[in-house]
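This document opens with one chain alone, in structure tokens, the form predicted alone.
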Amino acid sequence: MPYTSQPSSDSSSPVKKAITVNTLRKMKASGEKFVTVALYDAPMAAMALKSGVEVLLVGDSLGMTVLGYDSTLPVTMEHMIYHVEAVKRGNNKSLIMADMPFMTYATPEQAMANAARLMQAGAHMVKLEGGEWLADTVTMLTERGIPVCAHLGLTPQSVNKFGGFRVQGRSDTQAQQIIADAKAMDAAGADLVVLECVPSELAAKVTATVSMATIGIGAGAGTDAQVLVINDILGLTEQPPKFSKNFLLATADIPSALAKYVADVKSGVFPTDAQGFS
């Protein structure tokens, strides 16, 4: 049967109702882990729903995973809108979060205009890379009805400033700055924060400190949720990062691999200490 453009609403999916920011707040409060997958098209979005994935991230990682760039920097708003629309067509229950590309939120006014375009394309939330300097922007967005996910630690759009893809927060100074940034984003009204490639102990401390839910990637098992890129879950990355795992190796097909990822995150089997940093 050919794939249709109708959003998936499979009654067999563990996701019975549309996921909202309130859903994720309740999950954090109850200690129930939720699952995030970064993906970019309708068929994968439909499979993710059937597997019980609560949050879909249409990430600017598509620059490397789909478009063949060597970083996220060349990704444009037009790229993001195209893929948000595709993901939305495949899934009508998971919460869809969209990255704002490099230099599309340098000012609050610019962020507002571009965030509106992503929301109109089908996103339920936008994600911004940065800390305290973004507080006014986050406040402006949230006051106008646009949910925000912050992104701290290794922020790929700053790869040239970092001198490469490096673990962040190992020094006391860096760790204290990440904690301060997380508190600032929380106070500004952010609903979620991604913690990427930070020491597991630091990520757990941030999770216990802020009211917003934390999503880890290379940040240990102490966060409220985990995120992996679909390419890493399916073993499509030539040189996979330390924090990833190929779930297809132990399963028979793509839906089974996604279901295994979901089950392992929720049970605490994934990630292990080997997939984190100290």
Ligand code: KIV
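Numbering starts at 1 and runs along the sequence shown. Bear in mind the structure is a predicted one, so any value in this text is a computation, not a measurement.
If you look for the form predicted in complex with this ligand, you will not find it shown, but the lines that follow are about it.
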Would you check, heavy atoms only and a 4.5 Å threshold, whether H83 touches this ligand in the predicted complex? no
Find out whether any non-hydrogen atom of E196 is located within 4.5 angstroms of this ligand in the predicted complex, and reply yes or no. yes
With heavy atoms only and a cut-off of 4.5 Å, decide whether L57 touches this ligand in the predicted complex. yes
Contact label in the predicted complex: A225 to this ligand, heavy atom within 4.5 Å: no
Based on heavy atom distances of at most 4.5 Å to this ligand in the predicted complex, which listed stretch, 226-234, 247-255, 45-53, 26-34, is the contact stretch? 226-234
Going by this ligand in the predicted complex, which residues of 121-138 come within 4.5 Å of it through any heavy atom? K127
